[in-house]
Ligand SMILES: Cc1cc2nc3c(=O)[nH]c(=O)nc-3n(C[C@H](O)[C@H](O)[C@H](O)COP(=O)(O)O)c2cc1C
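Given next, in structure tokens, is a single chain: the form predicted alone.
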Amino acid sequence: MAKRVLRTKLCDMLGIDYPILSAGMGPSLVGEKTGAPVELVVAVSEAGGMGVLGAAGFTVEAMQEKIREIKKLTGKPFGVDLLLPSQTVEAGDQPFKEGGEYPLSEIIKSLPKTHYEFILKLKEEMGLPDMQATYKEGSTVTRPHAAVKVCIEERVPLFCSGLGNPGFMVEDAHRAGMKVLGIAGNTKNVARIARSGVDLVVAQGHEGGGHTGRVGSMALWPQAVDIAAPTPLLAAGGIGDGRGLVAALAVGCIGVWVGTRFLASEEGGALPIHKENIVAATDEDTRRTYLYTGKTSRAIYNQMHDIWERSGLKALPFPQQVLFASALAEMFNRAEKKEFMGPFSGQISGLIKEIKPAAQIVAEMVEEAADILTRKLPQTVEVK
């Protein structure tokens, strides 16, 4: 069978075959777990879409190593995603000790007393094992300007800001021949990011996994297309197959930003139990919570959500809340208490029934979308 042609303006902008980007799902700030490892980035790019490295939990040096590894494995375009909330960008890069690596059990002592003592009490009451994860100083979250500088020096084809407005670095990126993308969950922030000079904006609906907003995708996308214009828009939140891609194109988007479906791929960096959770989940098995990062994010429901709700604690600012949640997750993971484990995941998880290679996911999404556009719609819709 001849290779399908499914092109939009996005393909020409980024030098890719299909208007499909894998979301930049980053690793934890502690430990080695990652959502979008090099293997996934390369697989999606080689399949004709664009893979995006989630670099939020790497040190700046480790991120640069990953970028260079990707370049060795593929000549196709790829992206890098960082979290750039305004408070961290405005605070500037934090000082760090080269090679500084500390046990998570020590780092959490810096949390407010209420939160630290809650962790200790829970550990004792449930007989949870000691933490073994470590925290490395110099992460891209605490050194956002250094991380951006490396991306520009490496001339990453697409720079993505998963949180915050990347407008401050657009001019430098453009001088390096790069494109810049920002993500928002409502029209106010879509407009703000579009006016900052970025090349692309992603509008992510309430259904999406990870950090997500309050507006549903089908309500958000067409409004965001209008308000972002002339800046092109990509759709995210609830896209897991070709039907979602066609829906996004129908409202005026030029491509899609896909997370959960690629997380649940053979190359996706989630733990095996997390992939199993996604496959087993229904459309109602996710929850939106402040638990994991201090910002609203969606994950597969698990009993850690109940513990958080009963605690009466207030969410800490990002990234302190990440350390708090990481301590809980580390203990439950080491205890193999599966009922307390669940990955970031969107409501589209109810549609995902098996783990597949990323290239197959891209191919099937393209084939289904092309079939809808060329055969099914003409057969079912009469237009005069």
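Heads up: residue numbers just count along the shown sequence, starting at 1. It should be emphasised that the depicted structure is a prediction, and the values quoted were computed from it without experimental measurement.
In what follows, reference is made to the form predicted together with the ligand, a form of this protein that is not presented.
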Checklist outcome for this item: Exactly one listed stretch (150 to 158, 231 to 239, 164 to 172, 103 to 111) reaches within 4.5 angstroms of the ligand in the model of the complex by non-hydrogen atoms, and it is 231 to 239
Next on the checklist: Please identify the residue among A369, I16, M25, V362 with any heavy atom within 4.5 Å of the ligand in the model of the complex.
Outcome noted: M25
Item to check | One residue of G255, G210, G268, P144 in contact with the ligand, assessed in the model of the complex (non-hydrogen atom, 4.5 angstroms) | outcome: G210
Item to check | 4.5 angstroms heavy atom contact with the ligand in the model of the complex for G51 | outcome: no
Next on the checklist: Is F344 near the ligand? Define near as a heavy atom within 4.5 Å, in the model of the complex.
Outcome noted: yes
Next on the checklist: With the partner left out here, check for me: in the model of the complex, does some heavy atom of G259 sit within 4.5 Å of the ligand?
Outcome noted: yes
Item to check | Proximity of L40 to the ligand in the model of the complex, heavy atoms at 4.5 Å | outcome: no
Next on the checklist: Is the ligand in the model of the complex close enough to L83, I183 and Q204 that every residue in that trio has a heavy atom within 4.5 angstroms of it?
Outcome noted: yes
Next on the checklist: Using a 4.5 Å heavy atom cutoff, which residues in 277 to 291 contact the ligand in the model of the complex? It's fine if the answer is none.
Outcome noted: none
